[in-house]
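One chain comes next, on its own, written out as structure tokens in the form predicted on its own.
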Amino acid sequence: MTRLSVRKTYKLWIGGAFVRSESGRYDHALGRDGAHVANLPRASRKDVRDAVAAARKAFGPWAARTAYNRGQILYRAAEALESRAAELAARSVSRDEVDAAIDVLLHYAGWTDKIHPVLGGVNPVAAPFLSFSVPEPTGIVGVVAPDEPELLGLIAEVAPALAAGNVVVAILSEKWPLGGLDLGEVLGVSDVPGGVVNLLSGRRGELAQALGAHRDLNAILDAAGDAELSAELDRLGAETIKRVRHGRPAATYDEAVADSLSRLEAVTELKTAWHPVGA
């Protein structure tokens, strides 16, 4: 008897769990040859709200971890991605792209305990005071990933946000979402706590509008390269008082790490404290 193969079931990654879209809708994922590969969930506005709620719950404990511990966790995520590299390369993205994504995770794992000494410090003031600036995470960061490269372009935005102590709600590539959904499975076997990263597949315009309008979101990293969407995110960011950063998709490892400091600054706030000295 010839048995049928069991097709892979893809789900959203929200709050550390694999969930079906609240709406029950789905889209067809196509391979590079145009053939049908799998069905995948089409996230709804309700899924966006659930993801933001899960991220808010995870933010406090994640931001409270030591920088060294966050570096260890990002390193472990790179290990988990390395262990699945061949599988991902056979199913969704090229091996070169997977390798570059692993290297980007390792790069930002090394940044976690260097953000404070690089961005913070003692400020010179002409008064009998000590003035300190201390970097702190912005909070919940929304990521709008590019269509290509779908995995590397996603991780280039997510990794610096996590390194700085933020949590993430990411809208995956609309055209090639499988690499991002596969990343959810990698995170599921890593040490990244549930809710720290949330991954949504579906219609970018619908989800990005809902994410940008959400008042509990603190920042948006937009790498989609869509001028009309960028303008809408700017409008929503101004309306809800959130930081918006637009950038080009990182197509290589070098592009993902060349502006590391500016990527970290985009998701970091500086808290300044003053203390009197002398008699």
Partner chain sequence: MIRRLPHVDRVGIEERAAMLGKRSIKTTAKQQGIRLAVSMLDLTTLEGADTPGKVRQLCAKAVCPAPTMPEIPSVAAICVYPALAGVARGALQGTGVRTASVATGFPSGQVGLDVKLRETEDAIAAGAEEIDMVISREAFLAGDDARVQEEIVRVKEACGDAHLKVIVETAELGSYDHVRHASMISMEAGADFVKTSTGKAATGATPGVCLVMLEAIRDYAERTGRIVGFKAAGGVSTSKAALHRLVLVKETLGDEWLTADRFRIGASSVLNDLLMQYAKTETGRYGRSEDFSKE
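All of these numbers come straight from a predicted model, not from anything done at the bench. Positions refer to the first chain, counted from 1.
The same protein also has a form predicted together with the partner chain, omitted here; what follows describes it.
The partner chain is not shown here, and in the predicted complex it never comes within 4.5 Å of any heavy atom of residue 32.
In the predicted complex, residue 28 stays away from the partner chain, with no heavy atom inside 4.5 Å. Contact annotation for residue 216: at least one heavy atom lies within 4.5 Å of the partner chain in the predicted complex.
In the predicted complex, the partner chain sits beyond 4.5 Å of every heavy atom of residue 65. A single residue from the set 223, 236, 38, 251 has any heavy atom within 4.5 angstroms of the partner chain in the predicted complex; that residue is 236. The candidate spot formed by 11, 20 and 173 lies out of contact with the partner chain in the predicted complex, as no residue has a heavy atom within 4.5 Å of it. Heavy atoms closer than or equal to 4.5 Å to the partner chain in the predicted complex belong, across 122-156, to no residue whatsoever.
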